[in-house]
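For reference, the chain that follows is the form predicted alone, supplied as structure tokens.
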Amino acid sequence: MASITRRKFLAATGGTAGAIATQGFFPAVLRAQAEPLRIGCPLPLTGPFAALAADMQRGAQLAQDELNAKGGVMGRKVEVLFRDDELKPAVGAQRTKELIENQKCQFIVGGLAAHVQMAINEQTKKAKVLFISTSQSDEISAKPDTSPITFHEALNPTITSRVMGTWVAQNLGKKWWIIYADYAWGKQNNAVLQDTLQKNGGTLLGATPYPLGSAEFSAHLPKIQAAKPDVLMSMTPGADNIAFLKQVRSFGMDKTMKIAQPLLWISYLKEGGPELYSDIYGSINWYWELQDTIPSAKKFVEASMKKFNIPPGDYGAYSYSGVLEVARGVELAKSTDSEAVANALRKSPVYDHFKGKQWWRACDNKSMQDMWIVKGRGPGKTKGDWGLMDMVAKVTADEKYDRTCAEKGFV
């Protein structure tokens, strides 16, 4: 039997293409091509990480806009769908399942807490959907938790605490007290910092866990103050960070010891103000003043200022890059099949979306990237509304800062 052309098909049915598609007569493959490419983004829009989640949401929206302005991906419009995971693993798992099964998301980018991203990852592995995690975790890129379609865009506790811990030991002092949120991210950073301090010939005077989301630190501070450390290292993420620093300053501890932490978040520097964050040291994956020297950073900052009148923060940068990497993988693979996209990214691992060269390590799909040591600017030293940090040093990306492939279970 002779084949029928699309034109003949339309003529024979006597309808327009739009009417036919609406009535369900159009071949399924053509309907699929017209459907948006949906990327699900679970993130904690409520709770102590809400400001960081809002930054993440803005970053993903910028990537969506950028892709659609260029005609989408393989001719398909890109839609990023956001869901509040409430910073709870069970909710994160449920929202991810709904994004995949009900909203037909073909990829997941997101997660903003170590314990929640692991729950998200279990759902994406089960559904065979590629996941780019934007939260810090050591397990997400290691066996038995990772998978060939699990990618990790964010830094992890091993990298940040090895880099920050070494710099602090060599520049601020070698007698430390550590205070950390008692969950996966805090525990992992605590372990790496203690190991790094020991390798640098330092002394640990004490380590204090506290419940994540607690605003009460004053019961711990007299003991720390009496120990007279050179450095107080803190892993007090999200809104906890502001409460912690207020209480540390109220005890006058900032006058007798240096305050450092593996991460500084610009959202909380803005909220807390320069009086609170003056001379607080940290490390960071991205800071908007990189636009002065890096072309891709300048483009990213300009887009954010135009749409939101806010420069992108560190977690906004992760989600921006994660969405663009999904798109790059689809274009490379010429497919939306997760396994094909993952293989394409591993085959062409180098990318630069917002701060210079990054690359995916082949064994564990871990993003390798530059970092910076930063310090909060004090009153009178800030630049405009958002110039809140001095960039003290750059640490060039190097796989030696992470665990080896063998240490992560890859042989």
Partner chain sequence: MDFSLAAVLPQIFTGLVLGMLFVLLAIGLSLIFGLMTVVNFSHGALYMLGAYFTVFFLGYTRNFWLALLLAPLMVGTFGLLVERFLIRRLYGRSPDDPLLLTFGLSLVLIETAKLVWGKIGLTLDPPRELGGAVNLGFMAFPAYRLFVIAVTVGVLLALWAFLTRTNVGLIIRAGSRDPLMVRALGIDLNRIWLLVFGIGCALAGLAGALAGPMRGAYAEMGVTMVIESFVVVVVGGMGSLLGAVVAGIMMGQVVGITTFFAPALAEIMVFVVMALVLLVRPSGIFGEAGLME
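Residue numbers count along the first chain shown, from 1. Small disclaimer: the values here were computed from a predicted structure and weren't measured.
There is also a form predicted together with its partner chain; it is not shown, and the following applies to it.
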Taking Pro229, Gln261 and Met391 as the candidate spot, are all three within 4.5 angstroms of its partner chain in the predicted bound form by heavy atoms?
no
Can you pick the one in Asp279, Glu331, Glu101, Glu275 that has a heavy atom within 4.5 Å of its partner chain in the predicted bound form?
Glu275
Listed residue that, although its partner chain is not shown, lies within 4.5 Å of it in the predicted bound form (heavy atoms), from Ser218, Gln198, Ser296, Asn171
Ser218
To test your reading of this chain, name the stretch in 145-153, 92-100, 236-244, 188-196 whose heavy atoms come within 4.5 Å of its partner chain in the predicted bound form.
236-244
Report yes if any heavy atom of Pro209 sits within 4.5 Å of a heavy atom of its partner chain in the predicted bound form; otherwise report no.
yes
Please determine whether Met368 contacts its partner chain in the predicted bound form, using a 4.5 Å cut-off between heavy atoms.
no
Report yes if any heavy atom of Gly47 sits within 4.5 Å of a heavy atom of its partner chain in the predicted bound form; otherwise report no.
yes
Heavy atoms within 4.5 Å of its partner chain in the predicted bound form: does Cys363 have any?
no
Residues from 182-207 in contact with its partner chain (non-hydrogen atom within 4.5 Å) in the predicted bound form
Asp182
